[in-house]
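Just one chain is shown here, as structure tokens, and it is the form predicted on its own.
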């Protein structure tokens, strides 16, 4: 069960915020959900949106501008928080890329992080059960997308759970965290120093081992200041080519890493998911 914290009318639907107690994360968690008015059917397909570093459930709902198109398509859009919260939850002060706001959508195994930082279990378990219990959702038609760290989460959670997330896309995702500073920092501290334990959260490695039957859509800005050091989409492109994974990688000229970039292409992504979830 979840408590409805707020509800605001938007494009003929409602933008909601829920709070509930999470057993996976050992704390209260919030999520945002846009629910269009349902006219012809009792349930609607769902798109889960995973946000990036430093974000909460509010970022996408206030900056991405997806509500108008979601209402037109009859698509529920759910945005969970990026990490556990609360005074008792361990954090790394003055480190924006680790700790609160940087859960990396994995299940930590190392102290002191392992008690609360279990975002993989949260998203694939509790979050989906809450969506089913609280929203008019068709759980046979669920897709996943995300931005940056959230793009990493979307790709890895789909590749590991294609039966849960039927469609997948990403905006400027971290595609090879085992090979870039953001990922190496997070994976080594959450999972331990043995690199062999990191592969389960690396989309480029996962797609080589078990490509998805779904086609993957990735948008990446060419003016993204994290492109060469942290994102490196060519590594994922190479892995997809080698494994036969269907991939549409669009390099968007002049776009950066911000929500200006996300808001420009979010309509394309919603239509991509809706076509495949309803077709």
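Positions refer to the first chain, counted from 1. Fair warning: this is a prediction, and the values are worked out from it, not measured in the lab.
If you look for the form predicted in complex with a further copy of the same chain, you will not find it shown, but the lines that follow are about it.
Worksheet entry | in the model of the complex, the residue from 245, 67, 43, 56 that sits within 4.5 Å of a further copy of the same chain by heavy atoms | Spelling it out, the residue with a heavy atom inside the cut-off is 67.
Discussion item. Please determine whether residue 19 contacts a further copy of the same chain in the model of the complex, using a 4.5 Å cut-off between heavy atoms.
Written reply: No, no contact at 4.5 Å.
Discussion item. Can you work out whether residue 63 and a further copy of the same chain are in contact in the model of the complex, taking contact to mean some heavy atom pair no more than 4.5 Å apart?
Written reply: Yes - in the model of the complex, heavy atoms of residue 63 and a further copy of the same chain come within 4.5 Å of each other.
Worksheet item: Given that the partner is absent here, does residue 264 sit within 4.5 Å of a further copy of the same chain in the model of the complex, heavy atoms only?
Response: Yes - in the model of the complex, heavy atoms of residue 264 and a further copy of the same chain come within 4.5 Å of each other.
Worksheet item: Heavy atoms within 4.5 Å of a further copy of the same chain in the model of the complex: does residue 278 have any?
Response: No - in the model of the complex, heavy atoms of residue 278 and a further copy of the same chain never come within 4.5 Å of each other.
Worksheet item: Counting only heavy atoms and a 4.5 Å cutoff, which of 206-214, 23-31, 250-258, 235-243 contacts a further copy of the same chain in the model of the complex?
Response: That would be stretch 250-258.
Worksheet item: Even though the chain is shown alone, can you say which residues of 101-129 have a heavy atom within 4.5 Å of a further copy of the same chain in the model of the complex?
Response: The stretch 101-129, when checked against a further copy of the same chain in the model of the complex, contributes no residue at the 4.5 Å heavy-atom cut-off.
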